[in-house]
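Next up, structure tokens for two forms of one chain, structure 1 and then structure 2.
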Structure 1
């Protein structure tokens, strides 16, 4: 009986056209993996001739894993990667440009938020996001109430005043922080892409090859940020031990405000046992210039996908970046949609939690990283030299600019 069954199964299997199997890789983040599993089921139901195999790896090992597999002709056909890694991936020839007939550049630029243009390298698009992330201020409503702060901050001036009322203790021993300062959290993005622009500067030249924050605006940005620690004593980095110090401390109810990305919504929603809210990143009273840092994880097609596989990969990528998928992604992962249309959706913009992040999309800038780890280090060291060693912001900016320019020169040589 069993033999007969096996035989029958084999026959039916061979009778149907052999399905194309695609391998999809992303890093291991529980809600993303679960959502993707559901999406894959849906896609396979729509495309019976395509099978998708999802494989995930721990974040720390992810990049190495891709880098060592793709050149050997193994690994994924469709791969999920941080937009900041794209230049290196394209440079190494791991990704193929998205076929222009399936993904015309014009159509991409009219359907997706402006941030997507970081995926355009040498005039061609190499990847597309499902969702994007921006920054906003998370604040602890209960701590605000206790401190007598009635409204969440709209300007940086309000931000400092509110934090000063909330903070308890003094360095190096605080009990409650006004602002969960953490240079290597999201803060270095705030200085680079938000504050520099709000002070009237630009962090990089248009082609991204030149550091331009070694300027008046850059010094003002560095001064403003480091003052939060040295002058206003609103908090201290690494308040809680561990990897996500500022976020963990916020969730524990010990911090008045943190600046974090939309990707933190899920974690905070799950962990925080108090009333909290989200407001957009502040502006300065005088000029009201808005800016934000936008980032995303994008999906690209590797050089492994050829022929039938390439056609299937195109279908899968279209599915992954469709509005339907974006809506599912928002609901189950919490990352905001990459489509202009959805980002303009009034209900989403009015949402008390997602709203401030969606609001920032039109003026969100993404840094064109060529060596994300190295470029981050340059900034974090510069900030630390001011707040831990009393260096002047002017020197620190100069040092960061020199360090980062060296990295850029190494890449664009």
Structure 2
């Protein structure tokens, strides 16, 4: 009897000591996956009663994997998602609100940069970022020197002039691009959130429910961007194969300039074998209006996390949003810390690579997406209708506005 009692107590103690295992999902982006693996090792060393299992999936398949797994009680306990997907994730019931006792709203809003408020839906926070991103111009210093371009562009007029000197060949037989044009990269954000505003307009109403770029400013923005391809012949989309054609071509030394997010810094640092630099997005001469697009990937807790798993998920989310983790993310991935304190660090603001991205934070706009994929498609299709099919910028803007307004109406009404 004593042996059975001892065995029972041993089994109970073993069961009590068994670690909680959380499944963490993010999409497959090399620098992020590698960094997360290292962070998980650190977290597990600090929390021996918790194990984290990271699983990754291709970007294009990611949302479908979440949609098919979470409702069935499978898949991630903690999930990394683009901020623009959050309304759909919340509406679909994939996420649970962050426990207010662990993540008070006032504390969140005093700690994080204002962009964090895109994660607040119906008065509750559903996710938090480790880092935020803005856009800037990456340029190849060696190609600039060879072409006789002495300084990086500060205006759009200088941007065109520099690209014209760098570009070699002509469509469809370019050998070197002046500008790595890519509508479905970051460029559609530039047209919508940067150029529309620089031409005196606004892409949406203040509440985000109405499209307002079907205007003179919207047509001018579309015309300016598509002229880079049709009129100035600075480059061509999909110059290299793959989803990140423009960035891969830049890393290969075949492009003078690209517009990309701070998240690309780590990849470019590792891959580029030439001298390169970063400058803020240009302004128009005599205008001076600055704008930028701000975005982030956020981590949320799915409805799968309950009881001990929920408690463990809270610990893991606090770790992922800590200042130490944000510093690691900056150094390894290149994204700007989401902490107000860290983002305002004078050393970071003066950094020649990170500085232009931090500089843009005060005037960066984060679109209130309701269906990021659908809204992106409306814009990319419109741009492609001009540069690939010869449609007019006016018609393209009208079509994009109608398609996107239909999406917004479907969500809000």
Partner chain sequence: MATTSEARGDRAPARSSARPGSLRRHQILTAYTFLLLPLLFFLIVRFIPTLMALRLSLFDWNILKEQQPFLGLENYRALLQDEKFGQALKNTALYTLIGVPAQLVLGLGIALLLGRIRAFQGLYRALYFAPYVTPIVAAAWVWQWVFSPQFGPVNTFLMWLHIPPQAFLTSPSQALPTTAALVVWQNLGFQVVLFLAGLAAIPRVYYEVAEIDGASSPQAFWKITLPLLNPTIVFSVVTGTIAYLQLFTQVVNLNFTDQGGPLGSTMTVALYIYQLAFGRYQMGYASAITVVLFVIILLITLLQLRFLTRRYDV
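Positions refer to the first chain, counted from 1. By rigid core we mean the largest C-alpha set that fits within 1.5 Å across both forms. Everything numeric in this text was worked out from a predicted model, so none of it was measured.
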Legend entry - Form predicted alone - which displayed structure it is: 2
Inset, instruction - Single out the hinge among 181, 193, 295, 256, the place where one rigid part of the chain pivots against the other between structure 1 and structure 2. - result: 295
Legend entry - Two-part rigid motion between structure 1 and structure 2 - turning angle of the smaller part, in °: 15
Inset, instruction - After lining up the core, report the Cα displacement of residue 341 between structure 1 and structure 2 in Å, one decimal place. - result: 3.2
Legend entry - Distance moved by the residue 308 C-alpha between structure 1 and structure 2 (core-aligned, Å): 8.2
